[in-house]
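Only one chain is included here, represented as structure tokens and corresponding to the form predicted on its own.
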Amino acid sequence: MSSNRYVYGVVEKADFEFDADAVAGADRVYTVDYRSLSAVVSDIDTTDPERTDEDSKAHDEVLRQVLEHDDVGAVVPMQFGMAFKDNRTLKSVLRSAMRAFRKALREVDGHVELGVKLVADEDADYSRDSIREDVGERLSALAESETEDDLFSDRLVLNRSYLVAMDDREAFDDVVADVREEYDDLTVQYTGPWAPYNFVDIHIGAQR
């Protein structure tokens, strides 16, 4: 069995294991503990996994399953590709960044990330600014935090990620459903829940 550990994210100390279609063909996800933290990992054959669409989706899907676990209130997600040669190296990283992980876990505890894009139909007759203001205010009222718009296409009216408390998730869903019903000339792309990639910022500098 390989000693390499691919890391999906970090949670408060928890002991769980589940089967999954994980990164690089791995089929088991489990936790490695260091003091009050647990890294969510699987075993792979390399410390430099190639980023493919399939493995990127597997990385996200594992984190979604972690969020659904009863023992998990929050997860600090790792970007794709964080793999370490053994448990000792991984625990060294957890030790060096422990304060940052604990701070991030407190900040996102009980929250999930949700994504909303509004895309205008080609022949849409609309006021882009007024729609963005209207919808943006309604969604912001239910969110703890949000990202800035990245309007990389002329047809994009709004493109944001929101950090939403799990208790407000249903109300947020309702607002999105209302927007979908009210604006016939827009396509509403609603995704999540995701681990809060856009709301944590931890840089790991240890040797892998």
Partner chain sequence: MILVDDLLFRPLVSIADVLHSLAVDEMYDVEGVQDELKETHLLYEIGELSHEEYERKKATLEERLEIAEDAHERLRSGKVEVKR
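Residue numbers count along the first chain shown, from 1. Just so it is clear, the model here is predicted, and its values are computed rather than measured.
There is also a form predicted together with its partner chain; it is not shown, and the following applies to it.
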Contact test in the predicted bound form: K117 vs its partner chain, heavy atoms, 4.5 Å: yes
Close approach of L156 to its partner chain in the predicted bound form, 4.5 Å, heavy atom: yes
Distance check, D70 to its partner chain in the predicted bound form, heavy atom within 4.5 Å: no
is_contact(D150, its partner chain) in the predicted bound form, heavy atom dist at most 4.5 Å: yes
Candidate from D53, E181, D27, D48 lying within 4.5 Å of its partner chain in the predicted bound form - any heavy atom: D53
Interface stretch in the predicted bound form with its partner chain - options 132-140, 92-100, 117-125, 77-85, non-hydrogen atom within 4.5 Å: 117-125
In the predicted bound form, residues of 72-105 near its partner chain [heavy atom within 4.5 Å]: none
